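What follows is one chain in structure tokens, specifically the form predicted on its own.
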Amino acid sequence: MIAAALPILYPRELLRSFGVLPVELWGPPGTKTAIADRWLQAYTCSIIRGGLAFLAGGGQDHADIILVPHGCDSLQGLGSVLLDFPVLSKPALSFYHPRTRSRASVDYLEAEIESLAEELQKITGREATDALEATIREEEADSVLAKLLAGRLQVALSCRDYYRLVRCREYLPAEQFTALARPWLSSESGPSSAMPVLLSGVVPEPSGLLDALNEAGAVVVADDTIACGRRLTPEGRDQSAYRRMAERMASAPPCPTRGASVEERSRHLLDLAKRSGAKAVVFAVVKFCEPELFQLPLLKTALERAGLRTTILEVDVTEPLPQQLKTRMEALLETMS
């Protein structure tokens, strides 16, 4: 069975233990959103509008379940639409996140995972099997992804091809991603003369953004996007599968969609920049993404006070990258050369 999963965090290992493969929807890029606009406000971000349009336009035929984690108000609104109205013919499930990082949040997540397991049991007609083993496989895949992100300069791929490899994590089974990505950890690209930047924001889309980085003479040496770097959850410790899943999710990097403060995020970004050697931060933020946009002015100020240059690119994942954003990025890099 296939679950079409909207962003952001959800227990992938739980779905796998029920024989369900999650395939994530981040747009998809290029989707025409008109079919979704009858149910969503015009200021809903393009990831949500594109995701619903894709599903309502026939994409749901390739899925058995729709999963909508509550990462923001727009996602909660989409969940309500799918749960309360006959928009799609496939069952829709939701998953809620706490907005704190504490023991209580682990307890809450464990209860949410148990509740989701009950719904999956009803839909699939089966019990969860090997949930702890599935969790360990996801931990291994996340470990490989973390090394891939940290060792960017050793991977001899263009920016677009590098992120194509990284983002296989969004749809491949964990064990297949591990087998595909691990050989790249031992590749040797050598030193780069390109300007090292840290990519933050939501998702490395549209793909023209990655081409523009290459053309401007930049290389992404660290990632803090919601789609990639902020998905890196560490290994859990508990031997109870559901508790271990909850521990992992509660320990994910700081993100405003889970209540992280500006101070937490600035410390995390400064640490990433220090470890990677990044000289600037490029924020690729989807238009109308309130959790990201709300923090950006203070976050930008904190980073620039610490000596990092920054630029903000507001994008629509369903549209090509505007020329003015390419020019803005080129201007940033020119001032640093």
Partner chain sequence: MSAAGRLRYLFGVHIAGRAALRFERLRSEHKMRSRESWRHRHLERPLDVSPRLKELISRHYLTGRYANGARKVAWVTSGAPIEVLTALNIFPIYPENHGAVCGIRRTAEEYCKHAEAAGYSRDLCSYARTDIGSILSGKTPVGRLPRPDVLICCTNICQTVLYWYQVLAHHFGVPLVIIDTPFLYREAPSHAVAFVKNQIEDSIPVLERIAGRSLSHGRLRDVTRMSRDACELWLRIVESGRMKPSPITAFDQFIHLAPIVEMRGHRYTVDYYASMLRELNTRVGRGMGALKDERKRLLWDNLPIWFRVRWLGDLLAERGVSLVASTYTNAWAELADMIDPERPLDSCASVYLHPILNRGTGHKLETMKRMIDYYEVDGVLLHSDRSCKPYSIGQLPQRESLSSEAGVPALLIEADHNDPRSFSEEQVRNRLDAFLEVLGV
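Numbering follows the first chain given and starts at 1. As the structure is a prediction and not an experimental result, all values here were calculated from the model.
FYI, the form predicted in complex with the partner chain isn't displayed, but the following is about it.
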*Choose from 25 to 33, 272 to 280, 285 to 293, 58 to 66 the stretch whose residues reach within 4.5 Å of the partner chain in the predicted bound form, heavy atoms counted.*
285 to 293
*Is there any non-hydrogen atom of Trp184 lying within 4.5 Å of the partner chain in the predicted bound form?*
no
*Partner proximity in the predicted bound form: Gly236 to the partner chain, non-hydrogen atom cutoff 4.5 Å*: no
*Considering only heavy atoms, tell me if Asp73 and the partner chain come within 4.5 Å of each other in the predicted bound form.*
yes
*Would Pro256 sit within 4.5 Å of the partner chain in the predicted bound form, counting heavy atoms only?*
yes
*Since exactly one of Gln176, Thr100, Ser240, Ser89 fits, which has a heavy atom within 4.5 Å of the partner chain in the predicted bound form?*
Thr100
*Gly229, Gly201, Pro206, Gly79: which sits within 4.5 Å of the partner chain in the predicted bound form by any heavy atom?*
Gly79
*In sequence order, which positions of 35 to 59 have a non-hydrogen atom within 4.5 Å of the partner chain in the predicted bound form?*
Asp37, Arg38, Trp39, Leu40, Gln41, Tyr43, Thr44
